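What follows is a single chain, given as structure tokens, in the form predicted alone.
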């Protein structure tokens, strides 16, 4: 879902964004005997590197700089609570949590979801993971990985990370967290931070997950309003296109949000947010990949950070036990589940504004355990299929007919493509 700019979210400064921290090396002086090289220091890469170092593995993390990420990320509060212990994180410190979580549709009115929502505090999380990494003896290499040789998943021959500029790092395994491909369908959003008051849009202490009525325009692509209170008392509001192929131009979303703000007499009071999340990029086939490269971006929502935080410690545990880490990656993204979720994306793409509104009005009538399963790329195929079937049954007749036509038209291709 939408990504929040770190400055607007009140990111806490850490040593990672200041002077060169302890443990920063050039490739020329990193010890030759390494167990793990991690390429990329986003949430997926840094969490995996921290877990590997804490497990006693000789670990190097390659990134252009050790700075705090320029965007914050959201997930469900229970997902963070489940992922935090393996990374030795305090959920209350590393994230702001919200309740209730609100969904509004013209067809179904306002629904208050019991499931709490969370926004990661990038500075706190980044500092905690970096401290865990360096405390375990991990070494941060300033640079960029251009490619990986010998991608055998940690076999006896080892793997080589080829660095920009010609350097190399050899390790038992290279974990590739350099991000995914561009895809053809994207989630996009334009966000502004406002001073408020906006309590009629975003409940105090709560999160506005979706408001399909606030930006409804039959002549424009479907878009919803998303909103979060930030740590400094301001509020982030975003005009969001959930999924579109081709993507909705950011200028269109900017204009729609601007019209809403102007009608309410609100003015931007912070950083602008621009979101573009590829939804249908296939996972990279070679090597041990993490994060978006592993296909962990949910194809119908854009969520991925919870899956990435869960995966790092599992990969580290496999390596520490002398096992191939790739089965842990495959378990985080089940092929059949990915195929079903890819079909869900194809169902959403052709819907107009009214049909999209009706779809989510039906979706959130499901019990929490059902819709929560659909929102997790690690859920079982049976749970995802059950959620899809229950949504189908709750839809108006016209929407059921559309869904059946879509399944007949693209169903086999979507399941096969996303399940690779």
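Positions refer to the first chain, counted from 1. These figures come from a predicted structure and were not determined experimentally.
Absent from the display: the form predicted together with a small molecule. The rest refers to it.
Shown here without its partner, the chain carries 183, 345 and 388, none of which come within 4.5 Å of the small molecule in the model of the complex through any heavy atom.
None of 347 to 355, 59 to 67, 390 to 398, 365 to 373 except one has non-hydrogen atoms within 4.5 angstroms of the small molecule in the model of the complex; the exception is 59 to 67. A single residue from the set 269, 93, 276, 106 has any heavy atom within 4.5 angstroms of the small molecule in the model of the complex; that residue is 276. Just one of 384, 41, 54, 361 comes within 4.5 Å of the small molecule in the model of the complex, counting any heavy atom, and that one is 41.
Mapping the unseen interface onto this chain, residue 149 falls outside it, with no heavy atom inside 4.5 Å of the small molecule in the model of the complex.
Residue contact check for residue 333: none of its heavy atoms lie within 4.5 Å of the small molecule in the model of the complex. For residue 230, no non-hydrogen atom is located within 4.5 Å of the small molecule in the model of the complex, even though that partner is not displayed. Residue 305 belongs to the set of residues with a heavy atom inside 4.5 Å of the small molecule in the model of the complex.
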